[in-house]
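The chain below stands alone and is given in structure tokens; this is the form predicted on its own.
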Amino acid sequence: MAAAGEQRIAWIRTRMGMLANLRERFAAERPFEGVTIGLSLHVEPKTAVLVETLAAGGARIVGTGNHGSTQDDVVAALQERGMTIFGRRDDSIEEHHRNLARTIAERPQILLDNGADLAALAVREGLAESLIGGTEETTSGAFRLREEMDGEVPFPVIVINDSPLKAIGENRHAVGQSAVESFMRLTNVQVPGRRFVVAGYGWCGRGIAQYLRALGGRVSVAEIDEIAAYEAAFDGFRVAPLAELAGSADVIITATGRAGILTAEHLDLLQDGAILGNIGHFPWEIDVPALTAAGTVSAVTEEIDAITLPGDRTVYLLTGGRMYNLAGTAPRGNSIESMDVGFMMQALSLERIALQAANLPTGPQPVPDDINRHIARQTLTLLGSALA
């Protein structure tokens, strides 16, 4: 299994040129010498290239995957290199929480977090004061840090999701592409002519709607924020509440980063044959317990469950409500090149934390502007473009 993981990582490495250059510098300068970095991230081949880049800079890596998206061959490959990585693809949510606790028990000084899981646990366990700082990857994690944990984080957290580069390159274009590609691969159904509802018109929702429409999908947007709804309308999409759109939808995709988007109150509205999928980080946007309690569940494939509801209607749920572009079998996630940019941002932000945390304010904060602009220039060069 480790050999298979290494083979997949080797292909990904060839497409991540920015991390390759950074790995050489890190190996020479060793900015993480003597530092343990605690990881909670989707453990897949692109993540492995980031991890080996940090290790080249002297970091000791401990950590775990995110629930439902861990790829076992990649875990085996990293473990074979001597890294302390916990978790399996089929872990229960309880096992996942134990893996988070095992990661924090290793006493990392810096966190590389997804969904603020490690930060929340460190604060809850009274270990936050021993942390130098960390980074946060996602919209969902940024919400947690700024709302649920407001004022409770005594160390700097650079929120990668705040970067305009992540918003444009990864959230809009890479998530847009991977959400549509994964939907087609998992279901094998046609996009052209099909009626899609995208719930949420943040950067991820924008991308999904754009890519679905580009392939001929008939796309509407459910959005409660006035400004985002205004933008969606001016982009040419029908905009209405989810309750108004759900009854005519062939497919509903949630992409908000918030809990409780498609709830029990929508179940009576769903038409026979509707497909439900979530692309947000946590499996809470679709109320899966309410959905499964309302009907009879049977497996169609490993990735698709059929739920037969009262009235002899059947709806179909992708990957148990988890983010379907990274759950299920043979997931691909976002494009390699987009993650080269995103993980370059992670690596440079972690370096900033390691070397200059004392100069940063505590709590969540955006990626420093000089890092954004440095990466933007490098990306333009790789694309064959240049600034005047």
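Remember, predicted model here, so these are calculated numbers, not experimental data. Residue indices: 1-based, along the sequence shown.
Form predicted in complex with another copy of the chain: not shown, discussed below.
J.: Has each of 218, 236 and 240 got a heavy atom lying within 4.5 angstroms of another copy of the chain in the model of the complex?
T.: Heavy-atom distance to another copy of the chain in the model of the complex: all three under 4.5 Å.
J.: Could you check which residue among 53, 338, 47, 69 gets a heavy atom within 4.5 Å of another copy of the chain in the model of the complex?
T.: Exactly one residue meets the criterion: 338.
J.: Tell me, out of 99, 109, 140, 187, which residue has a non-hydrogen atom within 4.5 angstroms of another copy of the chain in the model of the complex.
T.: Of the listed residues, the single hit is 187.
J.: How about residue 383 - does it come within 4.5 Å of another copy of the chain in the model of the complex, if we only consider non-hydrogen atoms?
T.: Yes, contact at 4.5 Å.
J.: Since only the chain is shown here, I'm wondering whether residue 117 would be in contact with another copy of the chain in the model of the complex (any heavy atom pair within 4.5 Å).
T.: Taking the distances in the model of the complex, the answer for residue 117 is no, it never comes within 4.5 Å of another copy of the chain.
J.: How about residue 299 - does it come within 4.5 Å of another copy of the chain in the model of the complex, if we only consider non-hydrogen atoms?
T.: Contact check for residue 299: yes, within 4.5 Å of another copy of the chain in the model of the complex.
J.: Would residue 289 show up as a contact with another copy of the chain in the model of the complex if we use heavy atoms at 4.5 Å?
T.: Heavy-atom contact with another copy of the chain at 4.5 Å: absent for residue 289.
J.: Which one, 86 to 94, 210 to 218, 279 to 287, 152 to 160, holds residues whose non-hydrogen atoms are within 4.5 Å of another copy of the chain in the model of the complex?
T.: Going by heavy atoms within 4.5 Å, the stretch is 210 to 218.
J.: For the stretch 66 to 89, I need every residue with any heavy atom inside 4.5 Å of another copy of the chain in the model of the complex, listed N to C.
T.: Contacts from 66 to 89: none.
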